[in-house]
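Take a look at this single chain in structure tokens; it is the form predicted on its own.
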Amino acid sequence: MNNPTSRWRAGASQPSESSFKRKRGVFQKDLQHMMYGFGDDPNPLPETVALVEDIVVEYVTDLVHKAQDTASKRGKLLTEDFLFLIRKDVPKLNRCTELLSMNEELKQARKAFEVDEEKLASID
């Protein structure tokens, strides 16, 4: 695998080496289930899961760093920064917008449920 520090551009803020240390295996159970869902063996090799985990963590880390770079002009990291970065990957963009709208609907439903609970509590 590439060293993550080799990807940093000159002039960008460089994180300390300790910030790249992470617990390995944090996502292994989730990745095993996802791999099985995409047609892999129910119990994939641990080496395969570790490799997929490394790839996923590297991709997400790189995406977050790019989003931070675009947001640094504004000073605030927003969801739109991530959507901007994946704008050319249409299936990924569609899935993200679908999940964001679903999340908003769930927030509104929870809020409505809390209001209903408060009304019921005040009646009793």
Partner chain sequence: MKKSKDPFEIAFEEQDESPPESPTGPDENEAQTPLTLDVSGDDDISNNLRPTDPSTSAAASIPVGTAGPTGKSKEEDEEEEEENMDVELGKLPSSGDPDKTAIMQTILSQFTEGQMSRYESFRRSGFQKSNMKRLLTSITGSAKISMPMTIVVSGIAKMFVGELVETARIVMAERKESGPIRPCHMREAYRRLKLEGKIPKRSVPRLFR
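Residue numbers count along the first chain shown, from 1. Not measured: the values here are computed from a predicted model.
Just so it is clear, the following notes concern the form predicted in complex with the partner chain, a form of the same protein that is not shown.
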Considering non-hydrogen atoms and a 4.5 Å limit, does the partner chain approach Gln68 in the predicted complex? yes
Considering only heavy atoms, tell me if Arg110 and the partner chain come within 4.5 Å of each other in the predicted complex. yes
Is it the case that Thr61, even though its partner is missing from this view, gets within 4.5 Å of the partner chain in the predicted complex, heavy atoms only? yes
According to a 4.5 angstroms non-hydrogen atom cut-off, is Pro42 in contact with the partner chain in the predicted complex? yes
Listed by sequence position, which residues of 96-116 have a non-hydrogen atom within 4.5 angstroms of the partner chain in the predicted complex? Cys96, Glu98, Leu99, Leu100, Met102, Asn103, Leu106, Arg110
